[in-house]
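Below you will find one chain, with nothing else, as structure tokens; this is the form predicted alone, and questions on how it binds or moves follow later.
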Amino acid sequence: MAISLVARAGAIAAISALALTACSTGGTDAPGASGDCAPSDGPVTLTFTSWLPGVEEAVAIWNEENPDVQVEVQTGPNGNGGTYQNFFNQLAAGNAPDLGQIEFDAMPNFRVQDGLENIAACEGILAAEDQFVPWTWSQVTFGEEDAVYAIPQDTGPMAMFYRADLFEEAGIPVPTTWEEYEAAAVQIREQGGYINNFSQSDINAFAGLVWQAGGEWFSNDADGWTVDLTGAETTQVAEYWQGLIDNDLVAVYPPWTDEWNAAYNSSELWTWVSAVWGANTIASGAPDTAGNWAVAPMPQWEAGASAAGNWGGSTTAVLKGSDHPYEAAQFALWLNTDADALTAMNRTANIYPATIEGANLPVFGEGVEFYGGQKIYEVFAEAGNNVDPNFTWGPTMTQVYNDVADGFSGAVSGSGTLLDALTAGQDATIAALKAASIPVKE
């Protein structure tokens, strides 16, 4: 069904009244939720859209165990690469899939558009809260009573992937601070390489760098939203990377392209500060470098600190209009709590589960051959413990990313700066909130 204006207005009101923070109180102790969520009569076929590599393997386990509830996987580009827009188009046309992969930072967009089914009344959903890392559960409830809009899937704690062989051969110490990182960048450039690639379109990655630095882009109280894309910490991060760009110390390839993969596969790029799921990206995009990579904590702004950012992390949501919300909710819960499913998704996509027990699965204690046998998940587990939970996503993050990305594209080609792009993005965000009748404070 298409989204009604009345429902959308209600969703906007709910979002406007909430601080969508990772540390807000999630879930509810109520025994049930309003609304009905009854099983369907007869066999059911669900459609599920995801960009997670190899998710079909986990789904195959479900299909074998549940012959009367089959799930068909539809793959697509990553969320901001086109899948989210497809979802919005499908929701408007009334033909959205039953389930969709949605990242935490995009959840407010879908809530504002009333694009999510509240599955709190479905069997076992409210009771599952204690199985998940608390901040991830709050991301799918928005602090609303008797409301659950998705099941958390994974988190994206950040660390530094680096070419251990190249650093060792060049005699360059692995950087532990951002000051050391810049110094290493100069040495690497002298050898014809780049320490990293600055992504002009992965604004959520840049947000992770700001997150690590202690910055926030949004805050919310009873009077409305505050938008601050140019605060002190954001400015510090922007000016740092602007300096690397200006001095030709980082490459500026469009990410997620063959050119970008080739730069890693040819040893032109020596590090990638990314999330845990990036382990699969490097392994698939740079196969000739197998065994030469390692993982270390993110460089720090202060020596001896241990702060980490977060990039990504997803949910499995039941999209509005599903004819089978009960079965969809059961599948979403199973997919993100079942040990075999989580193990399968880690092996194919290197996800790091949002469940508390997921981190204790045997696969996360194993060495990873591509990374020289290193137990890389120990690094990411520590990073996850050092991510500040007090980070707020705004209600129009897709718009934020698009507007800032436009400016970042200009900055890497010499037209303006990263800070100019963030300033313009802030102005555009305030205008977008006002246009959506979402209260915003000047």
Partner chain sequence: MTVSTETRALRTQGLKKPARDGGIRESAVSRTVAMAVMIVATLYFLTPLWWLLVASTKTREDFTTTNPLWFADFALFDNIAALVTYRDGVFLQWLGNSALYAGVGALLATLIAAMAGYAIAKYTFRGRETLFNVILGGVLVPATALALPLFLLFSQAGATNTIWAVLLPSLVSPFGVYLSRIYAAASVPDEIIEAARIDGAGEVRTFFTVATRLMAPALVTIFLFQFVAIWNNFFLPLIMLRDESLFPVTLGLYVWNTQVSQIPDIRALVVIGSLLSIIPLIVTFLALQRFWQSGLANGGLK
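Positions refer to the first chain, counted from 1. What we label the rigid core is the largest C-alpha set whose atoms superpose within 1.5 Å from one form to the other. No experiment lies behind these values; they were computed from the predicted model shown.
Just so you know, the form predicted together with its partner chain exists too; it's not on screen, but the next bit is about it.
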| query | finding |
| --- | --- |
| The single option of 271, 139, 350, 212 touching its partner chain in the model of the complex, heavy atom within 4.5 Å | 350 |
| Listed residue that, although its partner chain is not shown, lies within 4.5 Å of it in the model of the complex (heavy atoms), from 177, 265, 292, 230 | 265 |
| Partner contact for residue 406 in the model of the complex: its partner chain, 4.5 angstroms, heavy atom | no |
| Non-hydrogen atom contact residue 143 with its partner chain in the model of the complex at 4.5 angstroms | no |
| Touches its partner chain in the model of the complex: residue 109 (any heavy atom, 4.5 Å) | no |
| is_contact(residue 315, its partner chain) in the model of the complex, heavy atom dist at most 4.5 Å | no |
| Check all three, 219, 382 and 389, heavy atom within 4.5 Å of its partner chain in the model of the complex | no |
| Segment assignment from 51-59, 393-401, 412-420, 37-45: heavy atom within 4.5 Å of its partner chain in the model of the complex | 51-59 |
| Core-aligned C-alpha movement of residue 271 between this form and the one not shown reaching 2 Å | no |
| Residue shift check between this form and the one not shown, rigid core fit, residue 82 Cα at least 2 Å | yes |
